[in-house]
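Just the one chain here, laid out as structure tokens, in the form predicted alone.
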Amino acid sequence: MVELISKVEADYVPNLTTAARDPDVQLIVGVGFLLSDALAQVAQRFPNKNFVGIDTFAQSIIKEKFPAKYPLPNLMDIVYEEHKGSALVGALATLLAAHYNKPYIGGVFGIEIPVLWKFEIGYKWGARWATEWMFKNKPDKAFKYRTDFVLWTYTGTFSDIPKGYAAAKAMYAKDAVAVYNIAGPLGLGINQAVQEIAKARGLKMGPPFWIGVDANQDWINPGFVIASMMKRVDKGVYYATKFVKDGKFRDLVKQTKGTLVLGIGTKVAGELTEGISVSTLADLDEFIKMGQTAEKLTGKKVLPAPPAEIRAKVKAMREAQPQWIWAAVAELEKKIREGTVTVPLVLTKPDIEKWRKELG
């Protein structure tokens, strides 16, 4: 595997081109929404190489600018059902707010792009679903959903950690029970805000909580990260590589019009190809092992505590929450999987305006 890092947008096309020119490379992977245009350009110039974009819309660019070539046979966009995973953690946060009698839940976002609208509305929709579930199943804890119940801020960055800290600190100051990290590294800023509160109050576990994103972030501050909305980019790369290796890549591009969706209960060619879930203790074990491997390779400390201690703290935190909370989240996942509820998929300006009017 060859890794090329783009420091600025101007590096995208040259880096993809360098990878495509390597005679040993069969699959070129571009990760991130911003690589869409570069992938559409370079994939046309190298028809014998296979290209995959994670979170990209390169085939949409082909459809718009080069309709005769659509779908480009050597290009695949892999996208995720983040709205469904976000609905699950939105429900989880809301049920925790009810249990601890807290007035708000929060969300710290990165740059405002359509991919993040999926997270935003999914999270808010899940919150409202949970309030409705409680009226039917836990009336003593029930409250009516309000359009100001979810506190949310777009920070305009995926790298400025102090902005994540400032946004989260304001939410915890209003007594939000949990804040969802939808801004990658800014989760470290959210964590800092939680650590300050925990230290001041002498807390061993939340609330306050925060919710991880993409990877399993539960290990970062065990006892205070209630769960993570896992979006398995690694699985997307794995599936794409397997398709190339098995000689199925181009057939699947044709079959899916070049866009593969990984989510909850999603299938490709009759086989489960999922990529979205709420973190489990098994996921935690997997990420702890990654941390241990990183420590061996770099000689630097990665994990905040010994593996057994991390696992014990996360397990104790989860078990400290009432069982009805986890049962409700499991029920929502089952309904999503069965298709008996539909989480809105928001990708356009009119849709985001409509749903913000409804959900806040």
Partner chain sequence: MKSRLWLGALFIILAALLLQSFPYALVQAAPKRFKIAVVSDTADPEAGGTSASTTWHSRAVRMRRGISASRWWSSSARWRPITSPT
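Numbering follows the first chain given and starts at 1. Quick caveat: nothing in here was measured; it's all calculated off a predicted structure.
The protein also exists as the form predicted in complex with its partner chain; that form is not presented, and the subsequent description refers to it.
Heavy atoms of Arg356 reach within 4.5 Å of its partner chain in the predicted bound form, making it an interface residue. Using a 4.5 angstroms threshold between heavy atoms, Val79 counts as touching its partner chain in the predicted bound form.
The closest non-hydrogen atom of Ala312 lies beyond 4.5 Å of its partner chain in the predicted bound form. In the predicted bound form, its partner chain lies within 4.5 Å of some heavy atom of Asp22. With the partner omitted here, the stretch from 79-87, 135-143, 277-285, 93-101 that lies within 4.5 Å of its partner chain by heavy atoms in the predicted bound form is 79-87. For the three marked residues, Gly30, Asn50 and Pro114, a heavy atom of each sits within 4.5 Å of its partner chain in the predicted bound form. Looking at 159-184, the one residue that comes within 4.5 Å of its partner chain in the predicted bound form, counting any heavy atom, is Ser159.
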